[in-house]
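So this one's two forms of a single chain, laid out as structure tokens and tagged structure 1 and structure 2.
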Structure 1
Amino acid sequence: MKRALTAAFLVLVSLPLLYAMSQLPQHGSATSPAYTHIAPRYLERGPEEAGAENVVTDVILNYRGFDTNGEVTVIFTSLAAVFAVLLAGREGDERSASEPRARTTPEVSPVASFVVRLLSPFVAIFAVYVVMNGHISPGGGFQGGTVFGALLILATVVLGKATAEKLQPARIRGLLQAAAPLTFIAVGVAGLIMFGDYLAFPKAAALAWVRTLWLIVIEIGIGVGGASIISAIFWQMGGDR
């Protein structure tokens, strides 16, 4: 009886969903609103309305800013979850180990060490460039943060964790890891106070610089947070060993 009721409930719920799906435009149809209204609006008025010459940035950080705000929050929450699991596992290993394990650090080639030291400043500059120019060219916070996070991992493997951590001081590491959702919230609250809606951008042409500035601030927050999260997970997993 219980199974029959469950099956009947699922069928009852699926019927309106199936009906709604049948009313959707055919996939790829030229008459779909995505092609007739949305895409042209983004391409024609994106730079003017959203504040960035790069239409992808306009869409991600302005038109669908709520979605991206949720994404960066999920990423930070995932970091907290990974930390919780890894810390619990590490505490269990420490309690079960009768003798401390010997840590072995493989020797690093002098050539690899020299190349990493030589190229690291240029890689860091490139990461900053990608973040700061995401509103006018391909790139942005996610991409620049990934580049800098990879640099931190490379520096850890080749130069040691102590050297890599100098680029990310421990006293502010937690704040850096939360930079993406914090900057989104800050810009969102500023929009709420100044323009009446959370994450609202100014529409007046005279305030176009404010739209661009807010986009850059969000890009920086995403870049810093992304790099910190990538390196933090690597270090927590014992990537320095």
Structure 2
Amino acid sequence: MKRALTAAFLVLVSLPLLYAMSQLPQHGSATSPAYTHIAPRYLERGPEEAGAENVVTDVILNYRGFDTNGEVTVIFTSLAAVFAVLLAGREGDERSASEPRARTTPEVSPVASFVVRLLSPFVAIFAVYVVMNGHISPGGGFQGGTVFGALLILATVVLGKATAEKLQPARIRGLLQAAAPLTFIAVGVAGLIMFGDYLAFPKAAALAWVRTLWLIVIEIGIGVGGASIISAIFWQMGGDR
């Protein structure tokens, strides 16, 4: 009954949506309003003006830098919220204490352990490449950081948490997790001091290398922050053994 009602409701919802879709400009047309106003300027002058050959990186980190600044704050806040939710009242929780949890670590096969040890340097190099090359090829801070975070998760599952944690010294782990917002704020304040606006980039044509350098610095900050936040969320949610 409930299912039939829901299906009927969804048909009702989808009809106006489909009608709206049929009024949109033709898919893939080069004359649609979305493509004729600001996109041509970004595509034409992005590489000189913003410092990266990859125009998507230009838009994310330079033209719409505020947006991304807010976004890295969002992922940092979500890490803080995950900590708050999972750590609150941990000792007063009798159910989790009595819960019969299989604490014995299953035996990891030597093949898996060997392959992970063999592959991890290459995965790490790929992650660094994606981060550092984000301004001239697809990729960037988030993608590379996520690849590195996935490597940390893999190491945690196969080699144990102690091995994976060696890559993030406990003393500076908090700093690493906040790396993305901190880098953004540092670059923004540097622009404020030198050029008069928060997140302003140097405009002179001779300073093109400075623009590219700043983009790379922000990408590295986002990469480091992303990798540590993803691994921290994984460890906190109980993937540790």
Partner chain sequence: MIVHLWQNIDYVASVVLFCIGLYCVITKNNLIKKFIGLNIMETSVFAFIVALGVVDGGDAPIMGAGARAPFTNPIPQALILTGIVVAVSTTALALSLVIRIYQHCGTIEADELREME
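All residue numbers here refer to structure 1's sequence, counted from 1. Note that the rigid core is defined as the largest set of C-alphas that superpose within 1.5 Å between two forms. Keep in mind it's a predicted model, so treat the numbers as computed, not measured.
Between the two renderings of this chain, the form predicted in complex with the partner chain is found in structure 2; structure 1 comes from elsewhere.
Taking the rigid core as fixed, one finds a CA shift for Gly174 smaller than 2 Å between structures 1 and 2.
Taking the rigid core as fixed, one finds a CA shift for Gly196 smaller than 2 Å between structures 1 and 2.
Superposition of the core reveals a Cα shift of less than 2 Å for Ala205 between structures 1 and 2. Core-based superposition between structures 1 and 2 puts the Cα shift at Leu24 at 12.5 Å.
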